[in-house]
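The chain below stands alone, shown as structure tokens; this is the form predicted alone.
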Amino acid sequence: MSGQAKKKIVKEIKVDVEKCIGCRACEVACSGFHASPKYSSFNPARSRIRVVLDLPSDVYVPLRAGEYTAAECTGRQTFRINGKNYSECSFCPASCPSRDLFKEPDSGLPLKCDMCEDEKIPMCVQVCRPGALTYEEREEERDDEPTPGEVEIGLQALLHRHGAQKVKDTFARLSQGE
């Protein structure tokens, strides 16, 4: 049955850059929601959404953490906004080796937006008073392809960073209760 098109609910957070005022409430709400236990700490460095700021031009772009990629991109496209040039990397949602934007600050493991899995509407959207973030669900035909989960993405990042043997040795040691 793999590879067949199925109707699925697609969840999407839309961004209206014209409405974003750079308040970063979305970052704070996200970091609190994902703290353990929930709301026990608020650290935007652990947020799965970041507001890229350009204060002189008054441009604010909220970006959500996307898929992890082990390789640096080769994109060299430049965007011109209000007379200032931005690299393609400035607006990329991926967690990658060339920047720390969407990495857990203590472990270096990649972060990915999960749309606040238990909430009907993601926290970043709930707290966005200017209305720059809106949530939408729609039905769409999609191929039935499995996507990597959080644990798989984290393991891929560890394998890339430390190598298979070190990860195996560490896992073996930890599973023995050491």
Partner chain sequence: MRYAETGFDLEVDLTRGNIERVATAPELTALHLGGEGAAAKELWDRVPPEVDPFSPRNLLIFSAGLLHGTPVPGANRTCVSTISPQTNLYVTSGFTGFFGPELKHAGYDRIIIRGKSPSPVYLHIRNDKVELRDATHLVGKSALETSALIKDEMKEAKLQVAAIGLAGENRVCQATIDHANTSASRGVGVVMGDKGLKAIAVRGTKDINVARPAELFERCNAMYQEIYDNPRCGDAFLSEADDSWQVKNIAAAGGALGGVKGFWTKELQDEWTVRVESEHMHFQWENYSQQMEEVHETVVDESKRLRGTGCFNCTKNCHEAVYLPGQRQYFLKSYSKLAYATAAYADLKINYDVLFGMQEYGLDESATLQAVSFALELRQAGILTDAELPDFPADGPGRCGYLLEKIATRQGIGDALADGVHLAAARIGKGAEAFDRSVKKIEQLPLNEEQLDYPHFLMYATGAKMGITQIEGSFPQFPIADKQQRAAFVAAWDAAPERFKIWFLEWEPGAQLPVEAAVDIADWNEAMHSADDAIGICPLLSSFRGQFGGRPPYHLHNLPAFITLATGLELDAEGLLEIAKRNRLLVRAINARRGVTRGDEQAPAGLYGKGEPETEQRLLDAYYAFRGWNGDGVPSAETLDGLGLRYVREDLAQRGILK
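Heads up, when I say rigid core I mean the largest set of C-alphas that superpose within 1.5 Å between the two forms. Predicted, not measured: the structure shown is a model, and the values here were computed from it. Numbering follows the first chain given and starts at 1.
Below: the form predicted together with the partner chain, not depicted.
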* Contact label in the model of the complex: E67 to the partner chain, heavy atom within 4.5 Å -> no
* Could you tell me if C20 has a non-hydrogen atom within 4.5 Å of the partner chain in the model of the complex? -> yes
* Asked: With a 4.5 Å heavy atom cut-off, would you call L133 a contact of the partner chain in the model of the complex?
  -> no
* Asked: Any of the heavy atoms of A29 lying within 4.5 Å of the partner chain in the model of the complex?
  -> yes
* Structure fact -> Interface check vs the partner chain in the model of the complex: of V127, M115, I153, L63, the one with a heavy atom inside 4.5 Å is V127
* Asked: If you look in the model of the complex, which residues in 28-52 sit within 4.5 Å of the partner chain (heavy atoms)?
  -> V28, A29, K38, Y39, S40, S41, F42, N43, P44, A45, R46, R50
* Asked: Once everything's superposed on the core, is S107 shifted 2 Å or more at the Cα between this form and the one not shown?
  -> no
